[in-house]
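First, one chain by itself in structure tokens, the form predicted on its own.
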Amino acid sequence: MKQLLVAALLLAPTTLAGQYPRLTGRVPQPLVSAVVPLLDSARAAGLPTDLLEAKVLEGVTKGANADVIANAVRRLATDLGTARRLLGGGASAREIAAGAGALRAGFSGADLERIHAARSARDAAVAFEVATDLVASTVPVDTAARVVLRALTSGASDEQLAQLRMAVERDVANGVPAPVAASLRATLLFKN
């Protein structure tokens, strides 16, 4: 039994280096023990682990303890899993990541499903990213969802969605209230 435990401990850094090279040499052993099972579970579920690795590195950079980092990774993995479930098995890694970001910004699962459905067969990652960025610009979640949905039902391209985001950010920087800027820009850019 003792030999098996020693062998497992000796193999742990190799496993980390082989599966999660970004973490090798940058993550202390107690943290490796806490996060590798989470990363392995996420990988087995088909979730993008690069975001989880980045969360680990962010925690290490900030000097957080292993429990805090493991909990943050666990929450993010849960959000990624929720986004994947809502978006379906065909969702790209970028869609799943952007969907998780939208959930964290306050969008509901129904919002994600509506935006994804409005994007039809195309990748909805940019739509989720724009919606999340609008919320970061102080546009309320319900307004951001409505504006992005309006753009999508008007056939907006990814470039047009990016233009919408930039126009709203510019308007907000010039003193226009964020909800007004978002609604006005959607009306001007996506007339139905």
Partner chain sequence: MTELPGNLRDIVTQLKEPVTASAGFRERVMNAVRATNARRPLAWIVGGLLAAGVALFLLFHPRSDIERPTTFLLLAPHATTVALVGDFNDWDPSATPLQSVGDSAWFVVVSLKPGRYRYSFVVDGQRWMADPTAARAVDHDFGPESSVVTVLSRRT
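If you're wondering where the values come from, they're calculated on a predicted model, not measured in any experiment. Positions refer to the first chain, counted from 1.
One more form of this protein exists, namely the form predicted together with its partner chain; it is left out here, but the text below deals with it.
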| item | value |
| --- | --- |
| Triplet Val36, Leu38 and His116 all within 4.5 Å of its partner chain in the model of the complex via a heavy atom | no |
| 4.5 angstroms heavy atom contact with its partner chain in the model of the complex for Glu169 | yes |
| Proximity of Ala44 to its partner chain in the model of the complex, heavy atoms at 4.5 Å | no |
| Partner proximity in the model of the complex: Arg146 to its partner chain, non-hydrogen atom cutoff 4.5 Å | no |
| Heavy atom of Arg104 within 4.5 Å of its partner chain in the model of the complex | yes |
| Sequence-ordered list of residues in 50-83 near its partner chain in the model of the complex, where near means a heavy atom within 4.5 Å | Leu51, Ala54, Lys55, Leu57, Glu58, Gly59, Thr61, Lys62, Ala64, Val68, Ile69, Ala72, Arg75 |
